[in-house]
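Read the single chain below, which is given as structure tokens and is the form predicted alone.
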């Protein structure tokens, strides 16, 4: 037998032996009985004590709060997200009181500014937004609508507002480029502002024959940038040229 073949057979034998040992010693006996998982895990989970009660259990005693919560912006957030597991509380309410987060640091866990969060998700800068005041001073956590709609776009679009503030577009109001429905301030994720979609929009100020102040940079729309749209080369909130 060639030496190379003998070595290959040794490797194959070791690999096969490893599979046999793994199958009989390491893989649980109930693995695969009900699918690609350990069937005994179902029994293991079933014997664990229940910790969460669900919103329906909360409604048995707190129908007014659950009703208010069901109409507010937190309606998709379970009661136990903020108050913790409530199964023991439902069995003995007096002996097992649930925590009610009242400190300012809790709400920014979701609503502190984070650029990775979806556009339109209510966010604040915890340092500058009503400093030192607990959030519940102005917002009812079960129906957390603001006491008044935001006065400026920067209330929700903080990163864009800070970028625009140091750009050449700093003095332009957001509504000059974005057609914004009034209801957007109330339901920002339902109604979105419109965005410019063609080169001619920017040309209203930047075309060489535009009736705008002389200090504004001008271009020939017919030749500048070819077929590309303006914002493929220039970021509108910081439109400086490299």
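Residue numbers count along the first chain shown, from 1. None of these values were measured; they are calculated from a predicted model. Heads up, when I say rigid core I mean the largest set of C-alphas that superpose within 1.5 Å between the two forms.
The protein also exists as the form predicted in complex with heme C; that form is not presented, and the subsequent description refers to it.
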- Query: Does heme C get within 4.5 angstroms of any non-hydrogen atom of residue 152 in the model of the complex?
  - Reply: yes
- Query: Does at least one non-hydrogen atom of residue 46 fall within 4.5 angstroms of heme C in the model of the complex?
  - Reply: no
- Would you please decide whether residue 30 lies within 4.5 angstroms of heme C in the model of the complex, comparing each non-hydrogen atom pair? no
- 4.5 Å heavy atom contact, residue 113 to heme C in the model of the complex: no
- Note on the structure: Checked 18-34 against heme C in the model of the complex; residues with a heavy atom within 4.5 Å, sequence order, are none
- Message: On a rigid core superposition, would residue 64 pass a 2 Å threshold for CA movement between this form and the one not shown?
- Response: no
- Message: My question is whether residue 55 is one of the residues whose C-alpha shifts by 2 Å or more between this form and the one not shown, given a fit on the rigid core.
- Response: no
- Could you tell me whether the Cα atom of residue 136 shifts by at least 2 Å between this form and the one not shown after core superposition? no
- Task: With a shift of at least 3 angstroms, figure out whether the C-alpha spacing between residue 166 and residue 122 grows or shrinks in the model of the complex: closer or farther?
- Result: closer
- residue 233 and residue 120: do their C-alpha atoms lie closer or farther in the model of the complex than in the form you see, with a change of 3 Å or more? farther
